[in-house]
Each structure stands twice: as C-alpha cells, then as structure tokens.
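What follows is one chain in structure tokens, specifically the form predicted on its own.
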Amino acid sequence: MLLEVNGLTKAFAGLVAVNEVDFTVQKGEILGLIGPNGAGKTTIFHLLTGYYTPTAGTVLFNGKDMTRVTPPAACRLGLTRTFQIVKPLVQLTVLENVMVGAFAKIGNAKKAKELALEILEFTGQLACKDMLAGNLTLGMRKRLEVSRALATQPELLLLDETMAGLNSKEIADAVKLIMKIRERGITLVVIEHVMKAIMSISDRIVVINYGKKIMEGCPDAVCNDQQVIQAYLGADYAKR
C-alpha cells in the first residue's frame, strides 16, 4: 500500500476539522476526495504533507511514518501537493517557476533546467516557457502549479481543485493531463468539485462531510448513495 491514513484527526480549539478519517491509496490509482465546501478536504492535504500536525492518527507513506514530517521532507520523499489558491512566483518566468520545483531534488541548475523543460513539454506549456508567470491566465497558472509539482518528481501527487474556475475546454484538457500523469507512473489523490470530471477519472472516491468520512466506493456507488446526495443537495432532495 502506498499511503495509509488511520484515525486522522485535527482539532482547532473546539472545532474538529478532520474527525478520525481512514483511507488507503494503492500505487497507480487515482483516488477522488470529495465533499461540500468546508468539509475538511484541504485540511487533510495539509495533514498528509506536514503543513499541519495531526491531533491524533497516523499517516504512512511507503511504510514510513509521515505523521510529523515537515513539508520539505515530505516532498523529498515523493509526496507532493498543489494548492487550491495558486500563487506562482510572478516575477519569474514559467520555466524558472518549474525549475524551483526541480530544485527540491536536484542541486545542479543545468539538470534542473533540463527536467523543467521536459515537464513543460509534457504539460503542454513549453511555448510559454519565457513568459512571466504573473502574465498567465488562471487556467495557465493552474497548469503551471501542476508542472511545478511534477518537477519535484513525486511518487504521490495531491491535486487540490486544479479545475476550479476553468471553462469546459480547460476542464477537458485538465482531465487528459491527469490521465497522462497516471500513465507516467504517478499515483494521484484529487480534490475536485467538478463532479463530471472527478467521476470520470477516479478509480475510487472518498466522501468527506463535516470532517468525517461518510462514504467510500466506486464512482457509481458514490453517486447513488443517499448520504452523499444529502450532503450535497440536502435532506429534502435525498428523500425523492
């Protein structure tokens, strides 16, 4: 098992944002992580990558205890994430932004540049390599965020709403890129609110509501589960 999450809990004073969540991720799969706004999904990503320390529970990555690992250490071990609100280094070029990701594991500037160029070709951004990141559209910034994360050479990549705010063509392109990333041998956990997209790419889906896992299963089973319908659409809709 690539990732094992057991009893993961995070409390902020009197608020329990993540409450005894369990799930696993197998090597090579795409796991969808969904739930209403404020359900605790991004907090889980913070806990997996060391931005937050769990109140309780454990995180094992390749059998290694990651429960109190720092974000740089998690990245070096192969566990990398993107962020819901993208913040590129706006005064640097697209290429330089991706090189920053490459420097997580590469100390040589020439080799970092070579990897960054290869990643940009893979993600379809090579043509804009010399553009300042501050001049990119939202869709291009989101793809740059993925490119920079890929440059860290992850084994497990956590994507946090990389399709939010995109138009239909950009969403379709993002779906294709995610499938290409899996073909590259990278395992993914994806937080997404674009239901058509997340259902089409996920092997399994974990549903979070009020910090607790309420459902886990294949996309079809999740779509038809009454708890999931109630969480997203309300009790009245679930009774229909």
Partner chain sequence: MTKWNDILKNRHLPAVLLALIALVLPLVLRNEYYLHLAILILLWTALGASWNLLGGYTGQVSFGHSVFFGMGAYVSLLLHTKLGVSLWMGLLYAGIAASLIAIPIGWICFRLRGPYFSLSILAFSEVLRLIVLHWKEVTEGAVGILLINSIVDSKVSFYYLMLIVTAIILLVVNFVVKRKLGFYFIAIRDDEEAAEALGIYTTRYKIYSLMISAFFTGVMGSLFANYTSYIDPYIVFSVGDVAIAMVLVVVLGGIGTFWGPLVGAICVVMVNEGSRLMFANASVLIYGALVVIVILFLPKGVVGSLKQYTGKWFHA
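Numbering follows the first chain given and starts at 1. Fair warning: this is a prediction, and the values are worked out from it, not measured in the lab.
One more form of this protein exists, namely the form predicted in complex with the partner chain; it is left out here, but the text below deals with it.
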property: Listed residue (75, 156, 163, 120) with a non-hydrogen atom within 4.5 angstroms of the partner chain in the predicted complex; result: 75
property: Candidate stretches 87 to 95, 120 to 128, 135 to 143, 164 to 172 - the one whose heavy atoms come within 4.5 Å of the partner chain in the predicted complex; result: 87 to 95
property: Partner proximity in the predicted complex: residue 210 to the partner chain, non-hydrogen atom cutoff 4.5 Å; result: no
property: Residue 115 within 4.5 Å of the partner chain in the predicted complex, heavy atoms; result: no
property: 4.5 Å heavy atom contact, residue 70 to the partner chain in the predicted complex; result: yes
property: All of 104, 107 and 148 within 4.5 Å of the partner chain in the predicted complex, heavy atom check; result: yes
